[in-house]
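Just one chain is shown here, as C-alpha cells, and it is the form predicted alone.
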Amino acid sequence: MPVITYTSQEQIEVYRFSIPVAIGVPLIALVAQAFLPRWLPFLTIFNLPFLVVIFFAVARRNPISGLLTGGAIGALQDALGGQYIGMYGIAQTVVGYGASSLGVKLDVENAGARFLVTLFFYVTHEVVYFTVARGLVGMTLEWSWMRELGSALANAILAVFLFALLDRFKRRT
C-alpha cells in the first residue's frame, strides 16, 4: 500500500527548472503526442502533455504556476491536435491547479503517491474534458469506463517512470 503522508509547510521541497527544461520538456511531450500516435496508434492511450503538467505542478507546488502551466500546455495541445481550442486547455488548467495545490499539502515524491495522484487526476481530467465537450461545445462523445480506467492505469504507470526520469532536472529553490 503506497504511503501518502501529510507534511508541514517547512518540510515541503519546492523545485525550479532551467529555462531549457521548462520549455523543452513540454514541447517534446506536445510534439510526441501530436505525431507519434499517427505512426503507432496504440500510443493514443497515453497523454504525455497531461503527465508533464502534473510533474511540473507537483514539483513547483504553486497553484498559480500550475494553473498557468496547465492552461498553456493544454491550449498548445488543442492547437496541435486539431481540436477546438480550449478544451484541453480547460481540463489541463484544472489538473495543474489541483495537482499543485495537492503537492503543497502532501508528500508526492514517492512512486506510490505519484501513481495515485496521476490516477486521480487522469479521471478528473477526463471528466472535465467530457463535460466541456458535451456541455459547452455540444460534441457527441461516448463515455467508456473500461477505456478510461485502462488509460488511467497506463498513464499512472508511465508517470512513475517518467517522473523518476524528469526528477534529474529538478533544482532546489
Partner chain sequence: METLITRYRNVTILAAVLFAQVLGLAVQVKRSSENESSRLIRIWAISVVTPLEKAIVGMQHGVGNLWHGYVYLRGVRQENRDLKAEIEKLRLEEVRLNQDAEQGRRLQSLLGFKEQYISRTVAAQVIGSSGSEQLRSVYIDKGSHDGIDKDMAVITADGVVGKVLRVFNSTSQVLLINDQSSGVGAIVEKSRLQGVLRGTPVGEVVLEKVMADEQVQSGDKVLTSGGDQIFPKGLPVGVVTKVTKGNELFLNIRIQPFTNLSRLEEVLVITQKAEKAPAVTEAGPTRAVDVLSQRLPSVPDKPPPEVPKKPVAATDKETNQTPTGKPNRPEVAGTTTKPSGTPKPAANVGSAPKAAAAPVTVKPATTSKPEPITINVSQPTAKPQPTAPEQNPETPPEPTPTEEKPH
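Remember, it's a predicted structure, so these values are computed and weren't measured experimentally. Positions refer to the first chain, counted from 1.
One more form of this protein should be noted, the form predicted together with its partner chain, which is absent from this view; the next part is about it.
In the predicted bound form, its partner chain lies farther than 4.5 Å from every heavy atom of residue 116. A residue is said to contact a partner when one of its heavy atoms sits within 4.5 Å of a partner heavy atom; residue 136 meets this definition for its partner chain in the predicted bound form. The closest non-hydrogen atom of residue 145 lies beyond 4.5 Å of its partner chain in the predicted bound form. For residue 112, no non-hydrogen atom is located within 4.5 Å of its partner chain in the predicted bound form, even though that partner is not displayed.
Counting a residue when any of its non-hydrogen atoms is within 4.5 Å of its partner chain in the predicted bound form, the one hit in 96-118 is 97.
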